[in-house]
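Two versions of one and the same chain are coming, encoded as structure tokens; call them structure 1 and structure 2.
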Structure 1
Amino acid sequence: MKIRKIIDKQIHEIEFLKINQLEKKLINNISNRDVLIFDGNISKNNLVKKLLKKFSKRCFFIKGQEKIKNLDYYSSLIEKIIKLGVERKTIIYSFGGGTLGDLSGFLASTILRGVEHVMIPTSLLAMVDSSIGGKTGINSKFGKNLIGTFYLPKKVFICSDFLKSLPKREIACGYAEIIKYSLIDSKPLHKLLIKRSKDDINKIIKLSINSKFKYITDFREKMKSKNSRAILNFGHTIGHAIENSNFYKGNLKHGEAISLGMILELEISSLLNYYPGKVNSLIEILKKYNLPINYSKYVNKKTIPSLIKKIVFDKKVINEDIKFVLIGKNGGFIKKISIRDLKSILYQIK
């Protein structure tokens, strides 16, 4: 099964494969001039072992985590790859979560001014989000994802068998983004999430990708459409502020912060009379997928002023208004809200 989308006149192709089909494809296509980059946490996977055996000299293992998305890591890896030998026809194959994928994509887009990149996302978040849309990049010491390129992978192969070894908490984080798609766009996805059958995972991934595709038409949003890319930020305005805040020294993961952000942003949609449903039904779904729902530790009278400061900084607010994603009866839409109103709404929720 394949899904395709034209972005900036280029084809973005995603192919779903079973592990044996993926094996055949890779073993037949990878050549000795290619480079393979694997997440260290999948080194026990049988396919990875076979590829390592066959292409041992061309393989790199890196433990996926946010800190690999930095200039030092990038520079040391790219030099090692150049030393190994690359040519115009070299293809970079990357197997990993979003951090490894973002780094490898950036690397592929800059090595020899761009060689082909084939992505094999192995975390749920990477399958439904980071491998889709062609954003690559690393972090600057001044902020996340500030160094990067728009660069579509030549192919994305999705093989849900990789999820068997993914830790439960990482699975939950992937579901946070999936639940987001189900709110902003997709009723069929919502139904599947309620049904909660393991057999539906490929359908769930496919519907999620199709949702993301609706909101990306071109890289820099030259064509303003009502399906603006910004709608994909539902749950992320408050979620990011929670994620970046230092109120609580616990290690909240991105998807977990988004879970809390979605509850609050849906609550706001409801308070402003746009969302006709019950916020409680979202809370039930989040619980089912092992995501946190208790935001009061992070959002309370004491923390609201600094959360607002974070939001203002994050959104580079001009004239005191922020573009906020709300949910109405037909899904996500953008509404300008003043910082002052946002603050008073947050106090109401608390």
Structure 2
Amino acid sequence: MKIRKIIDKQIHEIEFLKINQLEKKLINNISNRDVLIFDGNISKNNLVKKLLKKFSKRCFFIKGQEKIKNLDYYSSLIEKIIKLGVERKTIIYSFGGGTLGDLSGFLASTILRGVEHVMIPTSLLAMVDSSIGGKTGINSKFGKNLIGTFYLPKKVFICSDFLKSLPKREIACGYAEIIKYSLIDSKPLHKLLIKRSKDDINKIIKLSINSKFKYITDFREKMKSKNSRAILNFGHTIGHAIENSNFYKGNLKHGEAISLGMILELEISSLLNYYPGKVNSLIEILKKYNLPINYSKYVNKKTIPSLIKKIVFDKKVINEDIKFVLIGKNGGFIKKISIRDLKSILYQIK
């Protein structure tokens, strides 16, 4: 099955494949001029072993984590790739989760001013979020993804067979983004999440991708658009600040930070009288998918000033206001909130 979407006059194509179909497609299409970047966590995968055997001189193994998304690591890796030899027809193939995909996409967009990138996301989080929409990036010491490009991959191959060997914690992180989609847009997705059938994973992935597609008709986040891409940032403004304040340590993963961010941003929606439901309904579904719900360690009277400093560097801040995503009776919407008011509201949350 293929899903296609036009984004800024470019075709964004996602194809769902079984592992044997993916193997055949890759073996027949990868050439000796291409570069393969693998997450070290999937080094024992049979498909990866076959690709390594055939293209050993063109392969790089990287441990997927936020620490690789920095200028030093980017500089080191791009020099190695250039030394290896690249040309205009070179294709970067990336196999891994969101951090590796973000870095590989940024590499592809900047090598020779842009070579093609084919993504094979191997985590649930990457399948439903980071591989969709064309955002690439690395982190600055001042904040997450402040350095990057908008660069669509040539293709995204989604193979849910990779999820069979994924740790439960990584699966949970993927569900954080899926739960986000169910809040900002998709009632059918919300029903599937409540049902919680493992047999529905491909359907859940497809519904999540289609939900995201509603918000990415353009690369830039337009304030006036009803389906602005900025709405996808629900849970991320505070979530990214928590993640950055925690120095991207392994004790708090991206999806877990977004879980906490969603609770807090839904609390804000409720305090501002926009959200008609109960925040506890979100908390219960997060618990069902093994996501953290206790934010007191990261957001309290002592940490709020430092969190606000992180938020000030957020890409969505304009002058003293931030484009904040709130949840109302009809789903997600954008509202400008001053940094000063946001700080005051955070102090009101228990």
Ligand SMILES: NC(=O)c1ccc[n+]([C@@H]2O[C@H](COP(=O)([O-])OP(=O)(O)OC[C@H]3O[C@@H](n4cnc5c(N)ncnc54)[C@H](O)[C@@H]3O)[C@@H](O)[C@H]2O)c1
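All residue numbers here refer to structure 1's sequence, counted from 1. Owing to the predicted nature of the structure, the values given are computational and were not obtained by experimental measurement. So that the term is clear: the rigid core is the largest set of C-alpha atoms that superpose within 1.5 Å between two forms.
Pair member that is the form predicted alone: Structure 2 is the matching one, since it is the form predicted alone.
Does S306 move appreciably between structure 1 and structure 2, meaning a CA displacement of 2 Å or more on the superposed rigid core? It does shift by 2 Å or more.
Compare the position of the CA of P276 between structure 1 and structure 2 after a rigid core fit and state whether the shift reaches 2 Å. Yes: P276 shifts by at least 2 Å between structure 1 and structure 2.
After a core superposition, would you say H240 shifts its C-alpha by at least 2 Å between structure 1 and structure 2? Comparing the forms between structure 1 and structure 2, which are aligned on their rigid core, H240 does shift its C-alpha by 2 Å or more.
Per-residue C-alpha deviation between structure 1 and structure 2 [D341; rigid core superposition; Å]: Superposing on the rigid core gives a C-alpha shift of 7.1 Å for D341.
I327 CA shift between structure 1 and structure 2 in angstrom, with the core used for superposition: Residue shift at the C-alpha: 3.2 Å.
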